[in-house]
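For reference, the chain that follows is the form predicted alone, supplied as structure tokens.
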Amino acid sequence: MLHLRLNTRVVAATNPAAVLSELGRAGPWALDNPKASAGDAFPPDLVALALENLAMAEANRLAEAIRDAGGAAAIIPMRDAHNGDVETVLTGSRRQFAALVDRLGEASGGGAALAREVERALANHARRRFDIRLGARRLSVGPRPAVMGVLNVTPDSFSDGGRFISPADAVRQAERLAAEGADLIDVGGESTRPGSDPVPEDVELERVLPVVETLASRLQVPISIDTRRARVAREAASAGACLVNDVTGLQGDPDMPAAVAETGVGCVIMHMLGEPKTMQAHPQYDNLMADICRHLRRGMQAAHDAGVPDDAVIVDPGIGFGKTLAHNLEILARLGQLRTLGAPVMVGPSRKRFIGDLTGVETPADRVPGTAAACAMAVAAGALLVRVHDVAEVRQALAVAAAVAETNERES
């Protein structure tokens, strides 16, 4: 499909609303031309849009169209592109991009398809609200973010391993998370911390099924199953789970896309580089955000091809899963690029090592303030779900972050 090949991303979008607001307070004398309006002095939202794997003819067509509209373009050779394909970065205002779409739509050849791709990317990036399909249930997100509470029923998870290994303890913890405001509970029976070994499938099932079944009958909030195995996903769905959170992005178990489609549950498609055992051994990327987007798009395409509804998909960049400290910070700083995918974005920074690296706090349970800060930054950048251990504390931070994000949205 075109969107898979091009891996289109809105790499930057700036909003001059604050400047225009100040000029509006000062009146027309703030402008060089007293007869001009603030909207004439500053263009609407400025956008930079990147498209990969373009034939030179396609790149030249896009560049010419945006330049004719008053914008700018750069054509960049792609590493290892033996067929001569290039990347193109287009910059301009929303109005100029609308003119580009019109010009492309009138062109012969593949112009109309490129126009649709550009239009879809900009529309996806601007979207702030989703109604997520979770089996027979729905979860609305935006502008208020949703909080997924972490429930590890494992002996070896990095932060709380062994605390909730018994079903009774796990149920009590889930009830506490729900009381603190969790919108979902994510039950995991296999640790995927850096350096961890896989557990036998039967062991994972033995850990999670009694907990999922009990929670589904006792709690009002949806139950998610954190697994990379199709059999576990199917049986957990039968026990009452309505979301599958797969760290491999539906690309680990070849039967997982079909399992999600056939059970009718929603899914989280996450990015992970390699396997948990070795993922932190010198992870490297050609272009971090582009590589993550490409992986997530492959998972989204696999879900779509299997029959999973598009509105049942959530994406997650996988903080800490094959990422250095610098990678994790870049993800949080550039998280808005993932909005181009057209699915709600979830992040899971909770208590992770990068927070300890930044703060010097060694004990994961003591990294709650850093977790809250990371979640607030993610929400400000457009994340609509966060996955955390400490629901009450993060919920308070997100109330502030969401209010700021909503104010910015109203001004844009």
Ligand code: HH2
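Since we're looking at a predicted model, the values are computed, not measured. Sequential numbering from 1, following the sequence displayed.
There is also a form predicted in complex with 6-hydroxymethylpterin-diphosphate (HH2); it is not shown, and the following applies to it.
Choose one stretch from 145-153, 328-336, 119-127, 233-241: the one whose residues place a heavy atom within 4.5 angstroms of 6-hydroxymethylpterin-diphosphate (HH2) in the model of the complex.
Correct option: 145-153.
Consider the chain as shown here, without its partner, and state which of 245, 96, 340, 88 has a heavy atom within 4.5 Å of 6-hydroxymethylpterin-diphosphate (HH2) in the model of the complex.
None of the other options qualify; the answer is 245.
I need to confirm a contact call. Of 268, 308, 132, 208, which residue comes within 4.5 Å of 6-hydroxymethylpterin-diphosphate (HH2) in the model of the complex, counting heavy atoms only?
So the residue touching 6-hydroxymethylpterin-diphosphate (HH2) in the model of the complex, by this definition, is 268.
With heavy atoms only and a cut-off of 4.5 Å, decide whether residue 316 touches 6-hydroxymethylpterin-diphosphate (HH2) in the model of the complex.
The answer is yes: residue 316 has a heavy atom within 4.5 Å of 6-hydroxymethylpterin-diphosphate (HH2).
May I ask you to state whether residue 191 is within 4.5 Å of 6-hydroxymethylpterin-diphosphate (HH2) in the model of the complex, using heavy atom distances?
So residue 191 counts as contacting 6-hydroxymethylpterin-diphosphate (HH2).
Evaluate residue 346 for contact with 6-hydroxymethylpterin-diphosphate (HH2) in the model of the complex, applying a 4.5 angstroms cut-off between non-hydrogen atoms, and reply yes or no.
Close contact exists here: in the model of the complex, residue 346 approaches 6-hydroxymethylpterin-diphosphate (HH2) to within 4.5 Å, heavy atoms only.
Residue-level question: is residue 389 within 4.5 Å of 6-hydroxymethylpterin-diphosphate (HH2) in the model of the complex, judged on heavy atoms?
Yes, contact at 4.5 Å.
Even though the chain is shown alone, can you say which residues of 51-72 have a heavy atom within 4.5 Å of 6-hydroxymethylpterin-diphosphate (HH2) in the model of the complex?
Residues within 4.5 Å: none.
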